[in-house]
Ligand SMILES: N[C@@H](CCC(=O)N[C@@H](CS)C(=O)NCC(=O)O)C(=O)O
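Below you will find one chain, with nothing else, as structure tokens; this is the form predicted on its own, and questions on how it binds or moves follow later.
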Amino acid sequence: MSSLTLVSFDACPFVQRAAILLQEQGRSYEITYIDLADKPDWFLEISPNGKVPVLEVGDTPLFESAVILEYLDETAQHGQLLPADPIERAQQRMWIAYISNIMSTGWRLQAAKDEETARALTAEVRGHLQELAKNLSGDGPYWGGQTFTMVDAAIAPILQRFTWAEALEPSLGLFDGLSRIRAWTDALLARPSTTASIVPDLGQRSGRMLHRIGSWVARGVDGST
């Protein structure tokens, strides 16, 4: 089987999705970290849009996180997360695309430089979370009830970052009144694959990075270290 290498920067939630799936499947892989502010030429040759993640399958690069997730699922010897039924499979893909939009909004919320913008984006995120809550399986703790799914792998990174944002600015209230989303988040963050998919102290490092770019949410963080 071809070797697998994820190309990432150390805080990327989209790369974390693939790392979670690889952890769930028990597959061997390596991660190469790059500086997005100084992208090496070799990376630009394999990523036409200049974005991470890229998965190198032997000498073949694949980009776009949703495509990478599906490739990993299709080639796993065990631990496939997408269902066999075409309708159920399409529904999961649909929600993964929906979650990708939440991730983009979530980044803008974390990076917002003023309170008004941050509050407006918080309201937008909460609307998305409310929509997800309506569609969560009734018997939890995961999207598929007792079964961990591709949707869970796709959303865990941004839910994790929302907990970090709330720790920095509790008044955001991202999870207020959303007990099912909170329980889902707790279950995903307690899962070993989520823990193993990030570098140590990423929450603190993320806070310092946000502070350095002028984030309102991280305004109280000591960014000197």
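Each residue number is its position in the shown sequence, starting from 1. Since we're looking at a predicted model, the values are computed, not measured.
What comes next is about the form predicted in complex with this ligand, which is not displayed.
Residue 52 is the only one of 69, 165, 52, 158 with a heavy atom lying within 4.5 Å of this ligand in the predicted bound form. With the partner left out here, this ligand still marks one of 61 to 69, 22 to 30, 168 to 176, 195 to 203 in the predicted bound form; by a 4.5 Å heavy atom cut-off that stretch is 61 to 69. In the predicted bound form, at least one heavy atom of residue 36 sits within 4.5 Å of this ligand. Contact annotation for residue 209: none of its heavy atoms lies within 4.5 Å of this ligand in the predicted bound form. Not displayed here, this ligand is approached by residue 14 to within 4.5 Å at the level of heavy atoms in the predicted bound form.
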